[in-house]
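Starting off, we have a lone chain in the form predicted on its own, written out as structure tokens.
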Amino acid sequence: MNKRSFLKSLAFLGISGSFGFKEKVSQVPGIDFSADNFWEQIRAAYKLKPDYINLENGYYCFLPQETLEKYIEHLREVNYQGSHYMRTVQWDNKAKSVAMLAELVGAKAEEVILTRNTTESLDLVISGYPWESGDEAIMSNQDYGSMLSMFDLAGRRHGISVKRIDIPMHPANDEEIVAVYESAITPKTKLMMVPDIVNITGHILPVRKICDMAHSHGVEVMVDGAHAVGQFTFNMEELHCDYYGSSLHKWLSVPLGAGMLYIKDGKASKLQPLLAPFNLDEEGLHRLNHTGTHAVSTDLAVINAIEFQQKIGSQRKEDRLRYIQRYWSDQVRDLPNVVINTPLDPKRSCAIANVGISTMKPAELAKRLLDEYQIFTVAIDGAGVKGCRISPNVYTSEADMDAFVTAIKQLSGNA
């Protein structure tokens, strides 16, 4: 981005173009988004640590240099303006970030708030839900551990019953998954938590079908979309869910400390705030989102991350992520001693997949991949899943995945 365009972007955010500092940040070369070597240019847009091949972008995906430099500019400008910024344009700018995020996910701006991560987003729903003793909540053993713990805490506080199901790892069809959730519903069931994508295997669930089934029984649905925003395209309105949380520091590559909470229009009023707002009688979604003074520079960077995503194109990015996952997984899926814990059907996964070796514990596999092959992953050993979660990103090359395939073949005795 040239200086004139950059200043225009600052004006859009309500930030002055007079910086008052002399430090210079490195210039990011422009990307030709129509060139044949497009993905090589995208790789060059990231500063990659040479010590290892990073196949663990699921926890946190660091920023491309273009977004990082803009984030640094926001940090400097907010620091330069100080309380003047906080007392004048802080909330207007946050609203602009929210509006752009809402448009990205196909929601209304008044249905979305920025949080710090998925855990906070979903905790706001679970903690504020109008539970009564004897109510039931349904979730899966494959859900994120912190969310399961929060439901257990709600059980202690409110006397609710927590019921867990197992998500079929290799379902024959959508109906098989829907039936598992439906079988757990009773007249006491009030809320169901469903992952948009299972964080440990990369399995994408038929969320709309589950939501429609649950609603037919009078049950609301809260979706854990921690890994969804920025990884694959979807439209919130078409999901038919009631609540949705996501982490923007994962696949959208926003700085750490950025999450999203969606609450379907008209449903926020039934939830009680976890932290008291200034006005206890305030209406709407924002009454749930009072967290005090926070890192507003991260709020500003949401727009920059979305702009980078839009330059690539959400569908183009999704296609690339799905391609790079299938590039490696198809090469090892049928090998002896190799176990793929992610469905074969292409529409049931995107960037994330999970692979194990039958003769090796996941922790040992992760350690040997790093020590012997300089490949960084994360071990998953629980909830019926034994393997390493593999999460490449848009900067990942075929050569990176060739090295990983070679490692899996050698470690499994298939070299």
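Keep in mind it's a predicted model, so treat the numbers as computed, not measured. Throughout, we count residues from 1 along the sequence that is shown.
Absent from the display: the form predicted in complex with a small molecule. The rest refers to it.
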property	result
Residue stretch of 206 to 214, 333 to 341, 308 to 316, 224 to 232 approaching the small molecule in the model of the complex, non-hydrogen atom distance within 4.5 Å	224 to 232
Interface residue in the model of the complex among Q90, N289, S297, N199, criterion: non-hydrogen atom within 4.5 angstroms of the small molecule	N199
The unique member of N304, T118, S253, S97 whose heavy atoms fall within 4.5 Å of the small molecule in the model of the complex	T118
In the model of the complex, M147 touching the small molecule (heavy atom, 4.5 Å)	yes
